[in-house]
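In the block that follows, a single chain appears as structure tokens, in the form predicted on its own.
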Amino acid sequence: MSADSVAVFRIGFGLLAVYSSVRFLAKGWVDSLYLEPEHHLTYPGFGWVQPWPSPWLHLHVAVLALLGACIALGYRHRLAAALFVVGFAYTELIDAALYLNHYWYVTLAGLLLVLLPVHHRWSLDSRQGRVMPARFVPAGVVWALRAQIAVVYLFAGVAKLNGDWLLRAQPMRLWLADRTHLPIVGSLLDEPVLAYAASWAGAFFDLTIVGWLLWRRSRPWAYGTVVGFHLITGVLFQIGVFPWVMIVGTLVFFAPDWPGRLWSTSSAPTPKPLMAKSGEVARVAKPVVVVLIVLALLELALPLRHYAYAGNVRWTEEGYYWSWRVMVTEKAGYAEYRITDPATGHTWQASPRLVLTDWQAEQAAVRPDLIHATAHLLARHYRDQGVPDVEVRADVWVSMNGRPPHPIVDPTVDLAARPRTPTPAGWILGNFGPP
């Protein structure tokens, strides 16, 4: 297949990496999200990941922008892509309260750019002789990039096949009703029929768009729908660069030679060989093929692992991370902790804001794994204050998709004594809400 489309994928990915990193610096998020919090809600097993002190973390994000530019230019591409993936994953692991699905996509797509020969075309590496220039790549290279996009859409669609989304139009009704202040369309957003239409359309889009993109006759219309869908959701829900990530990424579904054909319409046509010669095809090493197969199996298994846990994953969030559950749940909660000194029997109340910033506390009031992490932070806080081995219990009430608040954590369990592991947490209460 032509190497044109995978080269465009690489260039688009690199430019978005530059934009996202510069945006992060310009908005001051390095300080507010990473440096200002005294503590971070880390992932189990990754408590050792801590932010660089200022100004080194600012420099870290600036280097990510530089690496994105190197990826786009194809300059020492594999090294740049590998360093970008490691550096980006590091920022992801600092605080679990910052988890976003499109961060996980960027990590995986970046890993594919490390493994696949996407820098043999339109790159400084090929121009300067570091790799063999190649006009073609194996078909599997194009299909691997397409599959990465397909995984996101299909699992996001499957996650919407639940009673809340389809039968109650939740949480879409909550989100749209909260945006009635918008000009022109605001007065319509509080209409229940619109929420139902948007919910069903969103599920239909996610479940079928890959098929429409693969069919040559429907592909232009499908891509126009992709652009419209993501621009609308970007405006309504303010979800950062995710719309642009998907708009750029889905270009890989067009015929692999589309960039060259598009260019030929504005310049003198150049003859193309009917078949690729051996010296014109970039190769994929067999060990890389094995790694790609393992990665594909992992990506299929991770979104399904919630079946290993009891309860509704949208409530318990066990198996939630890395599963492409994109915007399917809205939660609001209130958390208060009871601290007991077993040496004296004295018990007192503690707010999560004793160890967390406001934005961290909001996330930690609705997500059981973060409630657990907060309990450990509070135990550490009192240990540092000279009160060792305190017991930490939580009273947490959560409303999911507009329902009345319901307790989510067993208030009798000492969470500080429970290790943070991926094993099922028996202290999460109930299977609240329909499947």
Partner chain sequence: MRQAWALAVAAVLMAACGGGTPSRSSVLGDLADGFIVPAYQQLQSDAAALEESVSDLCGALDSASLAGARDALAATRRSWSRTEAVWVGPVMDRRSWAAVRWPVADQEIEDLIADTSIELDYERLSSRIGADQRGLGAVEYVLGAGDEALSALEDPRRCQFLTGVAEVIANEADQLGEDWTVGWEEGDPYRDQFGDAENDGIDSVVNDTLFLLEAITDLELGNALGAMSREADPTAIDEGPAGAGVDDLRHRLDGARAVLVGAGDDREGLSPLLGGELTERLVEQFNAAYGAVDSVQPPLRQAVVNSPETVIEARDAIKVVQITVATEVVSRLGVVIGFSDADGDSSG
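Bear in mind that the values here come from a model prediction, so they are computed numbers and not experimental data. Numbering follows the first chain given and starts at 1.
Absent from the display: the form predicted in complex with its partner chain. The rest refers to it.
Engineer: Could you tell me if residue 54 has a non-hydrogen atom within 4.5 Å of its partner chain in the predicted complex?
Structural biologist: Flag for residue 54 set to no.
Engineer: Does residue 282 reach its partner chain in the predicted complex if we count a contact as any heavy atom within 4.5 Å?
Structural biologist: Output for residue 282 is no: heavy atoms all beyond 4.5 Å of its partner chain.
Engineer: Quick one: is residue 160 in contact with its partner chain in the predicted complex, heavy atoms, 4.5 Å cut-off?
Structural biologist: Taking the distances in the predicted complex, the answer for residue 160 is no, it never comes within 4.5 Å of its partner chain.
Engineer: For residue 83, is any heavy atom within 4.5 Å of its partner chain in the predicted complex, or not?
Structural biologist: Looking in the predicted complex, residue contacts with its partner chain do not include residue 83, since no heavy atom lies within 4.5 Å.
Engineer: 177, 181 and 336 - do all three of these have some heavy atom no more than 4.5 Å from its partner chain in the predicted complex?
Structural biologist: Result yes, every residue of the spot touches its partner chain.
Engineer: Which residue among 128, 187, 208, 218 has a heavy atom within 4.5 angstroms of its partner chain in the predicted complex?
Structural biologist: Spelling it out, the residue with a heavy atom inside the cut-off is 187.
Engineer: Between 87, 319, 202, 240, only one gets a heavy atom within 4.5 angstroms of its partner chain in the predicted complex; which residue is that?
Structural biologist: That would be 240.
Engineer: Considering its partner chain in the predicted complex, find the one stretch among 134-142, 293-301, 188-196, 251-259 with heavy atoms no farther than 4.5 Å from it.
Structural biologist: Of the options given, it is 188-196.
Engineer: Heavy atoms within 4.5 Å of its partner chain in the predicted complex is the criterion; list the residues of 324-339 that meet it.
Structural biologist: Result: 325, 326, 327, 328, 329, 330, 331, 332, 333, 334, 336.
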